[in-house]
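One chain comes next, on its own, written out as structure tokens in the form predicted alone.
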Amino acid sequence: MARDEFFRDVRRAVSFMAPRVEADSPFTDASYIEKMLRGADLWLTPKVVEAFRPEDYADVGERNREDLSRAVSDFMAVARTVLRETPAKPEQRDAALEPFKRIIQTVQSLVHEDWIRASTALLADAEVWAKEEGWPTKRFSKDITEDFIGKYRQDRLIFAAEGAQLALVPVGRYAPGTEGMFDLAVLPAYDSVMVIRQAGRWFVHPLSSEDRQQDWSKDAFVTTSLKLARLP
């Protein structure tokens, strides 16, 4: 999806930049961005925003959609004036910085909202399925800090099956090679399987090489939880 590509490009560009970004929202990790090397101009290129398509944001509020489109347009106007293999001039960097800050903050907000929505739905599925199996459940909040989206809080679900205690624990939105990951684990040993998100869908990784990756479903959740509970 062009939207995901745009998000990836913006996040990658943040790793190349070092200007001060004031945090206007609770999930913007300004300190992370401040640590980047200010002299790098790799972020100041049209490629950073060329995957942006306004039609990909029909689900976003009109004001935010218009603000993002305007910021992308303003950034692109400056980026196109920077010659290849030539360092950006201070005035070019300064002119591009403000719209790029707006792009970053909007993308951070959209990624954060999408991840909280998706991870909350996953936990709700597991809680309902566990209760349908007669397994007692309890939730505990967990504080998480990630590059780009900063600090946030999400629940971990603790439940019992066949005398074993298990947990569905959020790892993070930016687990390598995924769009988000949870651990489904038996406690206290913490033998676990990964529950990963890819292309907007959740999957349960195999417990052994003899198993195959499964779509997230009640059957996959219950079967995998029982296998973990029965581990020696």
Partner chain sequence: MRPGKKTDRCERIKAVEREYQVAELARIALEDALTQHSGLLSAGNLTVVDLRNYRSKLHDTYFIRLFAEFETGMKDYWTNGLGQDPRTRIMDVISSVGARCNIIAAWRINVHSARKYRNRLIHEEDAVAESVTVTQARRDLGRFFGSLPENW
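The structure presented is a predicted model; accordingly, all values stated were derived computationally and were not measured. Numbering follows the first chain given and starts at 1.
Omitted from view is the form predicted together with the partner chain, to which the following refers.
Put simply, residue 66 is far from the partner chain in the model of the complex: not one heavy atom of it is within 4.5 Å. The closest heavy atom approach of residue 191 to the partner chain in the model of the complex falls within 4.5 Å. Contact check for residue 44: no non-hydrogen atom falls within 4.5 Å of the partner chain in the model of the complex.
By the criterion of a heavy atom within 4.5 Å, residue 48 is excluded from the residues contacting the partner chain in the model of the complex.
Every residue in the set 171, 183 and 232 has a non-hydrogen atom no more than 4.5 Å from the partner chain in the model of the complex. Residue-level contacts in the model of the complex: of 112, 93, 102, 156, one residue has a heavy atom within 4.5 Å of the partner chain, and it is 156. The contact with the partner chain in the model of the complex, taken as any heavy atom within 4.5 Å, belongs to 142 out of 117, 131, 142, 80. The partner is not drawn, yet in the model of the complex one stretch among 198-206, 163-171, 48-56, 66-74 has residues with heavy atoms inside 4.5 Å of the partner chain: 163-171.
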